[in-house]
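The chain below stands alone and is given in C-alpha cells; this is the form predicted alone.
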Amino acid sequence: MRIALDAMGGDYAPEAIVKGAVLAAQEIDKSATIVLIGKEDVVNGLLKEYGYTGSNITVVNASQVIEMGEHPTKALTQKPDSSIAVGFGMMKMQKADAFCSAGNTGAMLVGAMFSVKAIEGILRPPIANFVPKLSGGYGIILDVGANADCKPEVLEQFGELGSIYAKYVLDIQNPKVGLMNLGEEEGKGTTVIQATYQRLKANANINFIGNIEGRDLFNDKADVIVCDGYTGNIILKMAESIYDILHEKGMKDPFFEKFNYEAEGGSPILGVNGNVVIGHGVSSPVAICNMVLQAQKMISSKVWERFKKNYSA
C-alpha cells in the first residue's frame, strides 16, 4: 500500500505536511508506505529535523509547486513537475494507491478529472464530506463543492456513490439515503429536486427514505445526504463556523469537536479512477495524519474498485 502525499500543498507546507506524515507513519499499517512528494532536499531536511528514523516514509522529488491562488488548469499545464502533477502521474502509473493534498483544490479536481479521469459511467464526480451523528459515528454528504449545479441523473448517482462509500468505508449496512430539501413532502422543492426524488425513489440499488430537511443533518434519519455542490458547500462552511464559534467562546463538547476539520482530515473525490483526498488549506499536522489514515481505509475497503464494478456491470 503506497499513499502519496503532497508535501508542498497547504498554507503551512511543507512543515505541517511532513510533521503530519511522521505522525501517520506511527499509526498506519506496517506494510504501508507514505510517499512524500516535493522538493527532495527540503523534505529530507525536515524529516531529519523532526527525528524521523523509520522506514515507511519515502520521498519523491518534484521541483515545482502549484500555489494556492494559481489557475488550476494553467498551473498543471505549465508545471508538469509540480507535486500535484507528479502525484497524479504516480496514480496513473499505479505507483500509488491514493493521493492526498491540502494544496490547490481546483488543481486537485482538474488533476483527478483529466489525469486519472472519472470512472466510465460516472457523470460528475462529487466531493464528499463527513457528517457527525448525535448517536455516534458519521454519515456522508455529497456534493460539497465540485458541482454547483446538478441535473437529476447526477444527483441520483451521488446517492449511489454515497451508499457504496457508506457501506464499505463507514461500515454502515444498508445505508439510508436522504435528499436535502426544503420540506419532507414528495412534491416540495425545485423542479430539479422533484425530478431527482422520483429517480431516487425508483432506484432499486439504494435505500431511499425520501426528503430530509436541514434539521435532520445530525440525526439518524439518513446516512447519505444528497445535494448539489452549492447547497453542500454552504452546509459544510456553516458547520465549520459552529465549531469556530464554540471554540472562541471556550465551549467544548465531544460531539462538536467532530465539526473540527481535523477530525477526518480531508474530503474524498468519489467516482474517479483511484483514491483521492483533498485536505483543508490550513491543515495542521493532526489533520494531515488523519487524511492519510482516511486514505488507508479507502484503499483497504477497495471502494473505488467497487465504484468501477458497479458502473461496468
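Everything quoted here is computed from the prediction, not taken from an experiment. Note that residue numbering follows the sequence shown and begins at 1.
Keep in mind that the form predicted in complex with another copy of the chain is not shown, yet the notes after this line are about it.
- Picking from 169-177, 197-205, 217-225, 84-92 the stretch near another copy of the chain in the predicted complex, with a 4.5 Å limit on heavy atoms, gives 217-225.
- Against another copy of the chain in the predicted complex, the set 231, 241 and 246 is in full contact: each member has a heavy atom within 4.5 Å.
- In the predicted complex, no heavy atom of residue 74 sits within 4.5 Å of another copy of the chain.
- Using a 4.5 angstroms threshold between heavy atoms, residue 190 counts as touching another copy of the chain in the predicted complex.
- Residue contact check for residue 252: one or more of its heavy atoms lie within 4.5 Å of another copy of the chain in the predicted complex.
- The shortest heavy atom separation between residue 113 and another copy of the chain in the predicted complex exceeds 4.5 Å.
- Only one of the listed residues (181, 129, 104, 157) places a non-hydrogen atom within 4.5 angstroms of another copy of the chain in the predicted complex, and that residue is 181.
- Residues 134, 145, 148, 149 are the members of 123-159 with a non-hydrogen atom no more than 4.5 angstroms from another copy of the chain in the predicted complex.
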